[in-house]
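Here we start with a single chain on its own, the form predicted on its own, put down as structure tokens.
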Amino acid sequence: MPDLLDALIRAVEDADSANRLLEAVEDLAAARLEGAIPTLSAALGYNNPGAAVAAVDGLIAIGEPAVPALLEQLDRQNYTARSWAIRALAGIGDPRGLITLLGAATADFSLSVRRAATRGLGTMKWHWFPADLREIAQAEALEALLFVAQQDEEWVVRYAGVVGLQSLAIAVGMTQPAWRSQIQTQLQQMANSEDSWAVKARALLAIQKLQTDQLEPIADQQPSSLLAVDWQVILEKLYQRKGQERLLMPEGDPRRYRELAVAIGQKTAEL
């Protein structure tokens, strides 16, 4: 296997044309080897959209182990690489990408990035979250998705908002019935008043599915490998987000966050 990985990476590095680069990245992505993560991550910044798409698909297929490399891309100045990294994070659904997706869905200037981030918020691996932190995170996702569905100027992003709301409604069906009802109300309003017929039709489909489908999706049985310190970082970022955006809102009460941070910190000390 190391020989195969080395050969695939060399093919990417030695590619002397756009087509050969695309083929080499596609081959490397198809191997689904963790050792390919650095090369696939680097391919996100190449001036080759086809290779970037292949790299995103490969990183999504690798999944959780690819997240640290993707988060590193977000700290770089190359916007193209950042935008592809956001797409990959959305496809993976790892909780460490939550804050990035929240910001990208509501504020990124690229409609394709907003669309990918919006869909990703609906398909986050919610079953990985500790219960108290899951409620806070899902509340943030709900607010972001409602904002996108109501206010984004591009119909394709609002369409993604409908898809995300449908997925989130299923995820919270058993634990937050009031949120599910709020989502259904929003979908009905969109079905009645949306300017885009595509969005209107998708809202009607979402309403139908929520009326007939099971309340709670079948959870991915793969357990989370995130450590307590990872959850503490996620919590701190959520707290910072609330502090920046809703300083005076009751749901931003910092006492709840401090109590949860202490609980997570205690778990960290026990590991």
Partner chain sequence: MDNNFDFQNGEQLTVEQAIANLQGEDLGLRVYAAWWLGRFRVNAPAAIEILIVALEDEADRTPAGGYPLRRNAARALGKLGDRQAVPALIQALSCTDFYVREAAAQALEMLGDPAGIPTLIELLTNNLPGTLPAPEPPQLAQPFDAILEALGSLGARSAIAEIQPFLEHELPRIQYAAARAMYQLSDPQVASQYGDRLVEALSADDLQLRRAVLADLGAIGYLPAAPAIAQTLAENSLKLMSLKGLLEQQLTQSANLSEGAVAVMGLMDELL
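Residue numbers count along the first chain shown, from 1. Not measured: the values here are computed from a predicted model.
What comes next is about the form predicted together with the partner chain, which does not appear here.
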(message) Is it the case that residue 175, even though its partner is missing from this view, gets within 4.5 Å of the partner chain in the model of the complex, heavy atoms only?
(response) no
(request) Decide whether residue 112 counts as a contact residue for the partner chain in the model of the complex under a heavy atom distance cut-off of 4.5 Å. (result) yes
(request) Report whether the minimum heavy atom distance between residue 82 and the partner chain in the model of the complex is within 4.5 Å. (result) no
(request) Evaluate residue 156 for contact with the partner chain in the model of the complex, applying a 4.5 angstroms cut-off between non-hydrogen atoms, and reply yes or no. (result) yes
(message) Within 4.5 angstroms, counting heavy atoms, which one of the listed stretches 128 to 136, 191 to 199, 175 to 183, 97 to 105 is next to the partner chain in the model of the complex?
(response) 191 to 199
(request) Have a look at 171, 163, 148, 142 for me and say which one sits with a heavy atom within 4.5 Å of the partner chain in the model of the complex. (result) 163
(message) Within 4.5 Å, heavy atoms only, which of 61, 204, 69, 42 is in contact with the partner chain in the model of the complex?
(response) 204
(request) Note that the partner chain is not shown here; using its position in the model of the complex, name the residues of 3 to 22 with a heavy atom within 4.5 Å of it, in sequence order. (result) none
